Ligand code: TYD
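A lone chain, given as structure tokens: the form predicted alone.
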Amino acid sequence: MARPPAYVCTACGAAHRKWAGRCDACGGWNTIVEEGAATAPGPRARGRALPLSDLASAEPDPPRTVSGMGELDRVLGGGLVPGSAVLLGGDPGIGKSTLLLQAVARFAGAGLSCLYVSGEEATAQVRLRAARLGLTAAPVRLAAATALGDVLATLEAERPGLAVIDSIQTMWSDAVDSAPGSVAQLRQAAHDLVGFAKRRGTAVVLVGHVTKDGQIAGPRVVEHMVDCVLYFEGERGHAFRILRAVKNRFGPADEIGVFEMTGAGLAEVPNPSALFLAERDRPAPGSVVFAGIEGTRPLLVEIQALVAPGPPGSPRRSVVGWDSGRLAMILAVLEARCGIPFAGLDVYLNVAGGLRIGEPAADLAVVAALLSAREDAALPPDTVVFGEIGLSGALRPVSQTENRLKEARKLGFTQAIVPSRSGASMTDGSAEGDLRLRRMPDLATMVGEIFGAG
């Protein structure tokens, strides 16, 4: 007997008895949609006892296939694991299909049998892109299909080492009574494809569309099913593209790979710090270099600020590449703890190169950029800044200080402004190689010493 259709939130996957304008679980508006009717479950099958092991049992590391694209292999945790399921999301036109076609060609060249299934383009269009990228000689087999049953039958017959499904939203199953792209269809397609990957040892890469908020469209349960969730990020006006791992069961999360979009496709950027700072040739007010960490990689990036008188009323706060809520907190701390108001001033903050920074270690660099722009006083060009700011104005130490300083020293920086507790062996004015450290206990001290105010 068929049960009545349920309603599911497309943002968090929570089930509801009836439709509502707002999801009680995640608070999202207009995210609840009707899920197709499902048949009642049959009698429960008798299970069997599972083999058990203890925590001391050792398991060998999973074998990996290396593509030769260093940035991609880094994000995957060292290569592609057989039987793994990878979900790749990104804005339309950002270069997901280009990245995957180049990656599939590399994996095929490394001896892996590869199958590329396109649900959005004909095989002729895929061949045109391959010709543009110079990949026509790669031993990659193509197919264009949207019927999930046909795709699974082909995978069972071919048994490839790697299968790319572009995209998961175009797949539909006749076992689910709902439209293609619906929550039920996405869940069914992801379940069947991930199940095939685990059963046959085929690595499966699923391409996912994103919502206007930048999240992969569909229920979050799809992200829980897969082993690795990657986001391909970048601004349309910038040539740089960032491949970021937000979940990885076979490697570190928050790892990034940096690519540059060229006429011949995506080119790897093995030293992104030097590339992000390539345009920074002279000191300028509002420009500060931040020593950050993305995954396991230290990365130097320029933070730019502009402070200008605004019209009467609410001043403007515009942020690109950072959290706008964090900026509001920083401005409040500057006014409450240092007596430096920004009322009546428009504030613009930008992370150069199209990179998005999420770690709180950028707080001190943002403060330095804001004060440099407000006072029209440029910091020395050989200075890097990092540190977290508390609501009391105290500066907190951040993780991987040594790696940040090592990257700065490698690129020729001679001075670093850091929190006072960033390493027990570090003292004010001490030198780490060619790098001089200036330790600051709190925000007021930093403002007074660097900008002569506070």
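For clarity, every value in this text was computed on a predicted model and none was experimentally measured. For every residue, the number given is its place in the sequence shown, counted from 1.
Below, we turn to the form predicted in complex with the ligand, even though it does not appear here.
Asker: Which among 222 to 230, 258 to 266, 376 to 384, 289 to 297 is in contact with the ligand in the predicted complex, heavy atoms within 4.5 angstroms?
Answerer: After filtering at 4.5 Å, what remains is 258 to 266.
Asker: Which of Arg141, Arg106, Arg200, His209 has a heavy atom within 4.5 Å of the ligand in the predicted complex?
Answerer: Exactly one listed residue reaches within 4.5 Å, namely His209.
Asker: Quick one: of Asn248, Ser372, Ser97, Gln169, which gets a non-hydrogen atom within 4.5 angstroms of the ligand in the predicted complex?
Answerer: By the 4.5 Å criterion, the partner-contacting residue is Ser97.
Asker: Given that the partner is absent here, does Arg280 sit within 4.5 Å of the ligand in the predicted complex, heavy atoms only?
Answerer: It does not: once the ligand is placed as it appears in the predicted complex, Arg280 has no heavy atom within 4.5 Å of it.
Asker: Does at least one non-hydrogen atom of Arg132 fall within 4.5 angstroms of the ligand in the predicted complex?
Answerer: Because a heavy atom of Arg132 falls inside 4.5 Å of the ligand in the predicted complex, the answer is yes.
Asker: Give a yes/no on whether Gly237 approaches the ligand to within 4.5 Å in the predicted complex, heavy atoms considered.
Answerer: Answer no; every heavy atom of Gly237 is more than 4.5 Å from the ligand in the predicted complex.
Asker: Check whether Asp192 has any heavy atom within 4.5 Å of a heavy atom of the ligand in the predicted complex, and answer yes or no.
Answerer: Flag for Asp192 set to no.
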